[in-house]
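Heads up, the chain below is alone and in the form predicted alone; it's given as structure tokens.
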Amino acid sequence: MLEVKDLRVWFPARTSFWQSLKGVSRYVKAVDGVSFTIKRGEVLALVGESGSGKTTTGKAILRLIEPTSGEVWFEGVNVLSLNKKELKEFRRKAQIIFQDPFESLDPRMTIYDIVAEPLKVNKVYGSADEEYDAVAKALEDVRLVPPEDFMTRFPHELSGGQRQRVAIARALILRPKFIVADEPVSMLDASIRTQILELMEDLRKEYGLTYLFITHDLAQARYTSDRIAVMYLGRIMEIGPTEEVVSNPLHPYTKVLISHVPIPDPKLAKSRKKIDVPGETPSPIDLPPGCRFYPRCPFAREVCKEEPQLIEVEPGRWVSCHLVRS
């Protein structure tokens, strides 16, 4: 379905006056050599702390950000080689749900116009009646019923959960096959999050959707995904089936993340030891040599100063760590 090969997104960084005179070029390595695959109908959760490159990866796959290098194969076609016309056709098959429903919806447009806009841009229907029926069906799919009560409203007249349902309806109106869900519930109240996640799962089953689910919340990733990919400073640290990664993390960074997930049972919470890491996350401009997690890793060894490769240590389990490999 989707294969990402050695994807890199580097942004030019500011240089000082003297560095510019010397011709020194510096780059923010937001995504640096990321590779993974997503099967048809699968949900891959991309997890990691803020600044790890998750959102940039999702946008680069859809070419909302132009990658520096790499390959993105979608149904046998390299997305990065598409021209403008071909890219427009690709985006009928691949959509994105943005994180903030308060900013991703135009406040000057009615809900009908927001949801119908992809249809108009792509000239899907020739009549107003067909367009109206498609918008009504999309709103019904996201449980905004009756749809007539919402079509003439503006975004500021809706709650946060209703706005995100509109954003999902807009993403689904073209019947895509692949969706990048960029932290779709992080801006919502806790009481609404489960409803939206259940809605997305229902829609996945109904329409055979494939998701790249971006989140910093491992509990959400466990609830929604088939597999988890853990990112840190622009690199994939570990990939594997969700339950295996959560119950038996192999990479030290994954172990740190899992150890800090809250446990509602006080007895179990006492039995789990949190793993604390020293220092701050290194700058993506001046990255440490070798393993990206080496300066903070509580299990670091001398060999970690050499850059590890993402290797398959068990069937379906990929880890970028010298210690796991040895």
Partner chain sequence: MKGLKLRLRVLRRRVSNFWRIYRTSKLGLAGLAIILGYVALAVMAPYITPYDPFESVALPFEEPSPQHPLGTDHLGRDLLSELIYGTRVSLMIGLTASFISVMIGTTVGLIAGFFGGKVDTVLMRLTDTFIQMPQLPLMLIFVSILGKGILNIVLAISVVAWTASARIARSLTLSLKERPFVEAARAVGAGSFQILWRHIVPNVFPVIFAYANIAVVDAILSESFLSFIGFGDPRTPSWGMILYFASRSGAMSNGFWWFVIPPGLMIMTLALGFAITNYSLDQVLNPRLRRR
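Residue numbers count along the first chain shown, from 1. Predicted model only: the values in this text are computed from it and were never measured.
A second form of this protein, the form predicted together with its partner chain, is not displayed here; the remarks below concern that form.
For a residue to qualify, one of its non-hydrogen atoms must sit within 4.5 Å of its partner chain in the predicted bound form; none of Ser81, Tyr125 and Arg175 qualifies.
Proximity to its partner chain in the predicted bound form, defined as a heavy atom within 4.5 Å, holds among Asp202, Glu86, Asp113, Glu71 only for Asp113.
Contact annotation for Leu250: none of its heavy atoms lies within 4.5 Å of its partner chain in the predicted bound form. Of the heavy atoms in Arg170, some are within 4.5 Å of its partner chain in the predicted bound form. Arg143 falls outside the set of residues with a heavy atom inside 4.5 Å of its partner chain in the predicted bound form.
A residue is said to contact a partner when one of its heavy atoms sits within 4.5 Å of a partner heavy atom; Gly76 fails this definition for its partner chain in the predicted bound form, lying far away. For the partner-free chain shown, nothing in 306 to 321 comes within 4.5 angstroms of its partner chain in the predicted bound form, judged by any non-hydrogen atom.
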